[in-house]
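So this first bit is one chain, no partners, the form predicted on its own, shown in structure tokens.
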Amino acid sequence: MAAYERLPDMDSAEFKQWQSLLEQRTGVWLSENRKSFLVTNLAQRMRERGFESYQEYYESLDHGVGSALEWANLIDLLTVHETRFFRDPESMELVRNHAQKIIDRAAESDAKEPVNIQVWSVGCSTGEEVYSLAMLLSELDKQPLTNKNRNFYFGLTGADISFPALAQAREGIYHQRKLAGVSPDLLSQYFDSLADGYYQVGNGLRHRTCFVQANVQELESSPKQLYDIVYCQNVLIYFQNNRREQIVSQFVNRLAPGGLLVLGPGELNNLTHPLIEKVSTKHCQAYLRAGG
């Protein structure tokens, strides 16, 4: 194809075929009003690969040589990577307060075991959310504990379906334009300056993080590590309601007793689950697991 304009229109049957494939493999549901989004991104990839028809490209994803790699590249195009540092201040503050309560409770007890807070960021994209949460917890680590014999450890796991996004997250390199939400103080503490206006998250913070590829609709078959905080915002909006409920159920299964689940506002209204209760807050959608 010499230009995008040469791509034929996508008829209703073809759209439903692609719509079904995307939902089957990722759980993501593209509504009819996002057809132009699908066509534009398919056109870009088809032009790069030299395919002339939607059907030819569709079949290559199942039977062609390197189909798995090609599917990964296409998913990266079809996945929205809109994120930024400290994107939702109210939700970040909720996480900070919850982590502080965990620390305070531990400090008041007689036990000598270290405080260990584990966070799971689902749909982490290129890593800004994970590093924002890491800076937040690292700042808490500077506060003296009431129990002087108590140490504080934390770790963060970022999960996303996009391999290219995860590769960027692991590097932790961002241009200064992407760092507008980071205060000068945090920038000087947690980032190393590189050339041409780029900064890299320092080793001390990056070593607290782990980034893994994951498809949220396949969580049932993945290991059930327990987390103190599960943070998932602007992800569920891409799924139909029944899938959203299934995904949240898997989140709950991975919450430690007393753990905090943070969702995007309005992503799943009227959520009910026997193991969680809604947190009373005006600007966030969050839940606590019983038993804390």
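The first residue of the sequence shown is number 1, and the count goes up from there. These numbers were taken from a predicted model, which means no experiment stands behind them.
The following text describes the form predicted in complex with a small molecule, which does not appear among the structures shown.
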Given 30-38, 235-243, 253-261, 55-63, the stretch touching the small molecule in the model of the complex at heavy atoms within 4.5 Å is 235-243
Please determine whether A214 contacts the small molecule in the model of the complex, using a 4.5 Å cut-off between heavy atoms. yes
Please check if G172 has a heavy atom lying within 4.5 Å of any heavy atom of the small molecule in the model of the complex. no
Indicate whether the small molecule has at least one heavy atom within 4.5 Å of a heavy atom of S138 in the model of the complex. no
Could you tell me if T79 has a non-hydrogen atom within 4.5 Å of the small molecule in the model of the complex? yes
Pick from R87, H207, K178, K101: which has a non-hydrogen atom within 4.5 Å of the small molecule in the model of the complex? R87
Using a 4.5 Å cut on heavy atoms, which of V95, V119, I161, V182 is close to the small molecule in the model of the complex? I161
